[in-house]
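In the block that follows, a single chain appears as structure tokens, in the form predicted on its own.
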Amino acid sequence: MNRVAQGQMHLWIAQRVTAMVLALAVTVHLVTIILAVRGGLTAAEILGRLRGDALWLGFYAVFALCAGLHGAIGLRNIAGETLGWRGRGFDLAWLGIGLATAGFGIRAAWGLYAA
């Protein structure tokens, strides 16, 4: 298997793994919100419960990392197919975009944790 095909295989696997993590994370996130709101908690009370909770920080950090990478891989594939862009620089640019996006999400999770 050549290097390009191996790279495509790794991206395909990463896309599927992040999709599985996101499916679980979105479900946990939505169920938690629904249960909290139905239980009568306000946004301030929810944020108060998240503050300082390392488990939720870890959950949302993984959620953000997977979302950033999953989105970047998908957009990379769309750009490659529609615009014909290829190459190592192109791949590194999309990796940077994914990590930056994930970084924004992780920073938001940290804000909830440290608030």
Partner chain sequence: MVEAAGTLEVSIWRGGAEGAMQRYQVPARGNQTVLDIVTHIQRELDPSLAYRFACRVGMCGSCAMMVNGRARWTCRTHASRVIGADGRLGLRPLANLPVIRDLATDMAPFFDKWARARGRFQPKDAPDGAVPQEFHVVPPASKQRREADAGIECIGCGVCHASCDVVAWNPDYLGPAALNRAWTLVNDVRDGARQERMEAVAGDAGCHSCHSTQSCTERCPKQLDPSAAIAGLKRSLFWDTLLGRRA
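Numbering follows the first chain given and starts at 1. Keep in mind that what you see is a predicted model, and the values were worked out from it rather than measured.
One more form of this protein, predicted together with its partner chain, exists but is not displayed; see below.
Partner proximity in the predicted bound form, defined as non-hydrogen atoms within 4.5 angstroms of its partner chain, places exactly one of 44 to 52, 58 to 66, 78 to 86, 26 to 34 at the interface: 78 to 86. Contact annotation: residue 92 falls outside 4.5 Å of its partner chain in the predicted bound form, judged by heavy atom distances. For the chain shown alone, residue 12 is a contact residue for its partner chain in the predicted bound form, at least one non-hydrogen atom being within 4.5 angstroms. Using a 4.5 angstroms limit between non-hydrogen atoms, residue 5 touches its partner chain in the predicted bound form. In the predicted bound form, its partner chain sits within 4.5 Å of a heavy atom belonging to residue 17.
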